[in-house]
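Let's start with one chain on its own, the form predicted alone, as structure tokens.
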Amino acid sequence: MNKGLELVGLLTQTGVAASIPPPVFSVFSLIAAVALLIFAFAATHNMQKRPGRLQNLAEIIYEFFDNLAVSLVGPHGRKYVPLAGTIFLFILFSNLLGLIPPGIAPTASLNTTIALALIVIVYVQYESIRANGIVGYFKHFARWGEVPVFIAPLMFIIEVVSELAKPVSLSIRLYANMFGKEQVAMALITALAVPLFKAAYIPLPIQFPVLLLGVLVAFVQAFVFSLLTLIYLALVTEHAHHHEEHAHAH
């Protein structure tokens, strides 16, 4: 028992995620991806006009992100629903894995969150070039036509720095929240549960309120990541589609 208590103390001092090799997070990321595939297959296999529970849940999730994409991006935002929904579900499943023994959430590793952020930002740049063309893409950075010509070079630098900061912000926000939740849970175990267990030999779930909060954090962080993805896509495609709508009106 003493060795187990020493191990808990060591994990708290060094950090749970910091003591886990990166390949372990990759394995749990794969588990989250497989769980997502199983959910998608079970929900869409043998679809009925009168949906069952899983099909009904899948339809609710799709309709929610469909409404969100249209409200943020516009009618053309419907093509981004699969991306936003998949990111939400993958991050949610990854976050919830941290609440199931052995309690390893892939999103508590910067390797995972940076990879997710880079996928989003690279796709956003691709959609920006696709919507505006290569010339319009660089004009967007310089705010060409929106600011005086002599300010455009400065705006270009500012916008490039801002764009580079997006994956950093996305990845660190998700990582910090999930890593912080694990640290708080381990701190409560070490500070309260372990001393009580040593004194009375009765394990008490002191960390349980934190785990309940972890469920809420899991949903919120997954939603925020998807929401920001749609917002970034809206910012880079709004001008092109406004011009298209204006042309169709004429």
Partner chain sequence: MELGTGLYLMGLAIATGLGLPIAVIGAALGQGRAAAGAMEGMARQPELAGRIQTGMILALAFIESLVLFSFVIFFLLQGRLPTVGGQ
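Positions refer to the first chain, counted from 1. Computed from a predicted structure; not experimentally measured.
FYI, the form predicted in complex with the partner chain isn't displayed, but the following is about it.
From the list 175 to 183, 120 to 128, 94 to 102, 150 to 158, the contact stretch for the partner chain in the predicted bound form under a 4.5 Å heavy atom rule is 175 to 183. The partner chain in the predicted bound form is approached by residue 68, whose closest heavy atom lies within 4.5 angstroms of it.
A residue is said to contact a partner when one of its heavy atoms sits within 4.5 Å of a partner heavy atom; residue 31 fails this definition for the partner chain in the predicted bound form, lying far away. Not displayed here, the partner chain is approached by residue 228 to within 4.5 Å at the level of heavy atoms in the predicted bound form. Taking non-hydrogen atoms only, residue 39 never approaches the partner chain to within 4.5 angstroms in the predicted bound form.
Using a 4.5 Å cut-off to the partner chain in the predicted bound form, not one of 26, 111 and 114 places a heavy atom inside that distance.
Of the residues given (213, 224, 61, 54), 224 alone sits with a heavy atom within 4.5 Å of the partner chain in the predicted bound form.
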